[in-house]
Structure formats: structure tokens, C-alpha cells
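Just one chain is shown here, as C-alpha cells, and it is the form predicted alone.
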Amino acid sequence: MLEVELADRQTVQYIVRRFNLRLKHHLGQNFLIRPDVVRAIAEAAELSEGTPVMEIGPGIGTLTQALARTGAEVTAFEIDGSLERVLSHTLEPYGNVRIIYEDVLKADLPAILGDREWHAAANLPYYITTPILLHLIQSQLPISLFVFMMQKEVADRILAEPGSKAYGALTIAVQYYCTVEKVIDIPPSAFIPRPAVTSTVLKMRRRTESAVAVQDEKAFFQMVKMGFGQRRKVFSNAMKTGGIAPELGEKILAAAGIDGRRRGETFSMEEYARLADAWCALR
């Protein structure tokens, strides 16, 4: 196939007709038709000649093409094996692209990625955005930068501030491991078929050290889970629900210097770290 702009409305419509594609809603198959958007994602991914970059869900190759044009070495994971006949055609001009037809959550990523430093870029399927994101950032995989498109509602949760409605366990989980910045909002009109919601691209850079120092990460995230498990409960009651005896709970709160009458949704990451460290010291 000659090189054509894949993220073009007429090209996408032609490919859908040419290959008689039946877009699978349960796999979140929405194809970009905005060349400026795929270029913005590729630019945010900080790619250059030979940079190894992992893509998740290439679809018909619209974003893959933009990544490949930077000269990066692209490894893309596609769960829908029926798209092989499409991708072998649309990405034929690019010798720097490798497609692995496998679920990225089940793939042997340590073996595939090796010990080189990778970047990652993806238009994530909305239905599985959070599991994929958490799986990658909480792993020991050598991925230093993530540029992911996701539902705006999820992006807002990741970017949220303490006390806001969007603030939650996902906010803390991502910001604990990564710095986060918004790249661009994308309207439904930028896709075929049109999704019902606006999308957002986030750029997440893995921290060299976690956002807060804690004695025990497991205890830290257990505290976070208690705080957001039942958002309307004051934290002293949330700890009881989480299995911490009232007497111990009072000691933890006192040692951390935190008022247990506050709700967990108002606590900063630093306050959760103080609570977790106090719990470790007292139990």
C-alpha cells in the first residue's frame, strides 16, 4: 500500500468499507479522523529515531502511523486478531512497526520489553482504561513516559485536587507514581464512530521516586482504600470499617496529627502517608 494519511475521514471510511469492518463496541473501537490529534500525541510521546515505544490498541493504524513517522521502533498490542488483515495493509510502508496480536494485560511484557527504556502511547479503550493504566504504572516495567488518550471523566479524576468531587483513589495511585499534565481535549467529532463523550490526552512521566515517602506502600494504599471506600464516612469510622480497632484508630490519628472527623476525600497524599506510617509504627 502506498503511504496515505490514515487519520483522515475519507481514508478511514474507505478502509472500513474496503475490509467490511464491523466495529466492535465492546472493544472500544473508535478510529481517529484528525491528523493533528495523532501528531500531537506522537509529539507528546517525545519520540526520535530508534526510540522504543509501545502502543496499545492500534485499530487500523491511525496513531501507529504517526508514531512510526518519527522513526521510533513501534511495538503495538492488538487484542482483535481480525484486524491483522487490515494492519498488514495500512502499515505496509513502515518497517519499524511490529504488531503483537495479544491482550497487553496477559502478554509477557518483561520478556518483550527487555531492559531498554520505553515510552508508551495509546488511544485506550474506555472500558479498560483504568486496569491497563494501573497495571503499567504499578509494574517494574522500564516504561518512563505514558501518553494516553482516555475518557475525559477519567482524566479529570487523575488530575483532581483533594476535596473535589473527582478526587479519589485513582488520583492518588497515578500521581504517587507519575507526574501528570494534560495535553489536549478531543471532541467526539474526531472519531468514527463518534463516542458519546469527550476524550483527553494525558502525559504521565514516571517519577524517579514516589511522590511521598512511605514505610510500607501496601499500608499506604490500604489507608487510601479506606478513605475512599465509603466517601461519606468520617475517617475514624472508615478505619473501623477497614478493620482497624477504634482504640488503635485513635492512636493512629493522634500520631499523624489528623482529625478523624474529616472525610478521607479531603486528605492530601501527604496526609495518607502520615497515617500509613503511624499505622506501621503502632501495629
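Quick note: we count residues from 1 along the sequence shown, nothing fancier. Given the structure is predicted, the values throughout are model-derived calculations rather than measurements.
The next section is about a form of this same protein that is not shown, the form predicted in complex with a small molecule.
Heavy atoms within 4.5 Å of the small molecule in the predicted bound form are found in exactly one of 79 to 87, 202 to 210, 153 to 161, 140 to 148, that being 79 to 87. Site annotation in the predicted bound form: the residue of 252, 223, 32, 53 reaching within 4.5 Å of the small molecule with a heavy atom is 32. None of 72, 174, 124, 136 but one reaches within 4.5 angstroms of the small molecule in the predicted bound form through a heavy atom, and that residue is 124. Although the partner is absent here, residue 227 lies well away from the small molecule in the predicted bound form, with no heavy atom inside 4.5 Å. In the predicted bound form, the small molecule sits within 4.5 Å of a heavy atom of residue 103.
Contact check for residue 99: no non-hydrogen atom falls within 4.5 Å of the small molecule in the predicted bound form. Residue contact with the small molecule in the predicted bound form: residue 128 places a heavy atom within 4.5 Å of it.
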